[in-house]
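In the block that follows, a single chain appears as C-alpha cells, in the form predicted on its own.
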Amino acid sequence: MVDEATRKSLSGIPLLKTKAGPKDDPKLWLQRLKEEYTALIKYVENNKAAGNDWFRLESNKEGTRWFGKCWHVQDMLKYEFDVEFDIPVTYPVTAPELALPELDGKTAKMYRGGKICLTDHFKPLWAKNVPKFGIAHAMALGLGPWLAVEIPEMIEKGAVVYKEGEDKK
C-alpha cells in the first residue's frame, strides 16, 4: 500500500507517544503538542534536505486550530493553496480533517468546506497507529499524496489555474 519513497519519508518522522487530545488533561495535551511540533519540525527538515519542501503550518496558542500553506509544482509553476484543520475533540483517536477551502467543489474527492477525502486509504492506517501518528503523518500520508494525484488532474481539467506571481511568494 505504501511505496518505497513514502516509507522512507515516514521513517524519518518521529512516532508520538502521548495519547491525549485538547479535552484531556492540559499537561498531557501540552506534552502531545510538544511531540507534534517535534515531529513536524523533523518532517519539514527532512523534506527540505530532500528538495521536497511543500508546506508550512502553524497553530493557534492552544494547538487546536492549524493553518498554513501547501503547494504543488508542475511544469515549473508553483500552485499554492491555503490549508487548515481543527484538532478533533477525540484526537488522536480521530484523524484531523484537512481542508483546502479554495478548492471546494472542484473535485469529487472532497467534502463540503474543501475537506479532502481520506476515507479509504488514510483513515484505516491512522486507526491502526493511534497514538503514534500525528499531524506530520497526516501531511505525509494524507495531504501529500492527495495533492500529488488531485492537483495535476484539476490543472488538466482547468479547475485550477496558475496565478501570475504565485511562485514569487
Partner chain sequence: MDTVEELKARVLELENEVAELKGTSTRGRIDKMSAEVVDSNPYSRLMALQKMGIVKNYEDVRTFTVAVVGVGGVGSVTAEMLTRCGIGKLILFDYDKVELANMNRLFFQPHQSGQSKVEAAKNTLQSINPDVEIEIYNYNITTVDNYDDFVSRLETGSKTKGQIDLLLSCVDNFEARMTINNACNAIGLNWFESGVAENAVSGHIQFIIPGKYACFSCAPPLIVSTKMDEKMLKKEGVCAASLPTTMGIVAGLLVQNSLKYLLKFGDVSTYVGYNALEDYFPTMTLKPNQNCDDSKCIKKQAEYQLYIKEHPEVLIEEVKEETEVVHEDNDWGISLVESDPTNEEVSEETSLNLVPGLKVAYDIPSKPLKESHQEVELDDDAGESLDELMNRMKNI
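Fair warning: this is a prediction, and the values are worked out from it, not measured in the lab. Numbering follows the first chain given and starts at 1.
The discussion below concerns the form predicted together with its partner chain, not included here.
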Of these, 117, 103, 138, 70, which has a heavy atom no more than 4.5 Å from its partner chain in the predicted bound form?
117
Any chance residue 124 has a heavy atom within 4.5 Å of its partner chain in the predicted bound form?
yes
Consider residue 148 of the chain shown here, and say whether it contacts its partner chain in the predicted bound form, taking contact as heavy atoms within 4.5 Å.
no
Residue 49: touches its partner chain in the predicted bound form, heavy atom cutoff 4.5 angstroms
no
Is residue 90 a contact residue for its partner chain in the predicted bound form, using a 4.5 Å heavy atom cut-off?
yes
Listed by sequence position, which residues of 90-114 have a non-hydrogen atom within 4.5 angstroms of its partner chain in the predicted bound form?
90, 93, 94, 95, 97, 108, 109, 110, 111, 112
